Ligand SMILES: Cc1ncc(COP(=O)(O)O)c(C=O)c1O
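Next up: a single chain in structure tokens, the form predicted alone.
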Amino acid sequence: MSEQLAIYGGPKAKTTENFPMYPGGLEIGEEEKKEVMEVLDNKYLFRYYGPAGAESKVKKFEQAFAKKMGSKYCLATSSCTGALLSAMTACGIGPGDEVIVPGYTFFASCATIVGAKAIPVIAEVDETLTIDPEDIKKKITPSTKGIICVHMRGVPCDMDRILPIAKEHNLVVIEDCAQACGVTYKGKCVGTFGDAGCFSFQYHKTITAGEGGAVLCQDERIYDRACSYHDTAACWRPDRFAEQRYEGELFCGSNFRMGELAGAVMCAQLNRLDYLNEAMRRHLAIIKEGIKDTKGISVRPCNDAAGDAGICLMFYLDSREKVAPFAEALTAEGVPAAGVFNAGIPDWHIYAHWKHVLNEKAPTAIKCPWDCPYHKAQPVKYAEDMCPNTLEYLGRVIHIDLPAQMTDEDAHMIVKAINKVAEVLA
């Protein structure tokens, strides 16, 4: 006889504390304080100039992060949005271009395409909930300039299939690694496969400074141009006021510089990345092993399970009607859970809620970039149901965060809760 569900008055399967999903944030301690106090004691608050004799924490972080990820260059930025826009501009994306982006990603991945004056083309995700390589092929036109590969919810994209498509059509590849710091694909860190890789250090992310981002690249000119866009004051140049060293080095940009206090926090946080990822991966492995034979559920597949960040568990039910009651029952068992897609609840991670793109909204009466004389392909059309596979997958998914602070005991309790609920509701 199955145990009565907690939602019906039975005992909870998980009785331990639940932690918020701030893996690095909850670990902030003496190391971060030490790094920050060095900035304050030295009065060195701006990366490019200040009192003599002090090192830039931002530069120190860039060098350490590049080495950690296996990249030649790293540019720290104020956010991942700034990183994406700097990277796209550096790679030559602009008016008249189309950029393919998955329909499941935070809206910033799409908004920065518009910010670069290019046109977003929204593509399906497959069962991994990362961009579907087959749909990329269908979305390519003569105006396509690039692809944004989003390693969504810590799972790497299928780079073995995506990169040959990009090479065949001479497309820029920008990796959005906002939720994938430390993720690997076949032993290599994501963010180092494409022309540029962009990271977020916002508070929900694995390591954090509250806000912050970074661009990784291997090409010196892409790096120079990203620097130019992220700091239009040109403080980054060896000779700030010199003539440009090559055509395309200098142009009007913005200010997405990372501050020294954020850089100091990131110097300490980077040292925490390995053990945070190891903990989350271990907990995910325990749970996946415990539910691998559970009837009625199917764990989200991964293009490289060894490289998964482990930040969450996502599994499918066989119908969307079961999602809400299943999530409610799991939450009652002491395991906070949720569905992903509800047409009535706006979520800026899902394209159907990107009204400002679907309706081609612009800050002026000129509908740039959609009404653009440089765009030579057929007009890009949008609709809430344009990616039916994406909505179907997201409509059947249950999502559970796996904070690094949880224990192996917690993981086993989550297994018990899932199996308990699945027996009745799956």
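Fair warning: this is a prediction, and the values are worked out from it, not measured in the lab. When you see a residue number, it is the position in the sequence shown, counting from 1.
What comes next is about the form predicted in complex with the named molecule, which is not displayed.
Chemist: Although the partner isn't part of this model, could you tell me whether C80 comes within 4.5 Å of the named molecule in the predicted complex, counting any heavy atom of the residue?
Modeler: Heavy-atom contact with the named molecule at 4.5 Å: present for C80.
Chemist: Is F106 a contact residue for the named molecule in the predicted complex, using a 4.5 Å heavy atom cut-off?
Modeler: Answer yes; at least one heavy atom of F106 falls within 4.5 Å of the named molecule in the predicted complex.
Chemist: Is K205 close enough to the named molecule in the predicted complex to count, meaning some heavy atom within 4.5 Å?
Modeler: Although the named molecule is absent here, K205 would touch it in the predicted complex, with heavy atoms inside 4.5 Å.
Chemist: Looking at the partner-bound form in the predicted complex, is A178 within 4.5 Å of the named molecule by any heavy atom?
Modeler: Because a heavy atom of A178 falls inside 4.5 Å of the named molecule in the predicted complex, the answer is yes.
Chemist: Looking at 124-132, 257-265, 321-329, 196-204, which stretch has residues with any non-hydrogen atom within 4.5 Å of the named molecule in the predicted complex?
Modeler: It is 196-204 that comes within 4.5 Å of the partner.
Chemist: All three of L84, V150 and G212 touching the named molecule in the predicted complex at 4.5 Å, heavy atom to heavy atom?
Modeler: So, yes: the whole triplet contacts the named molecule.
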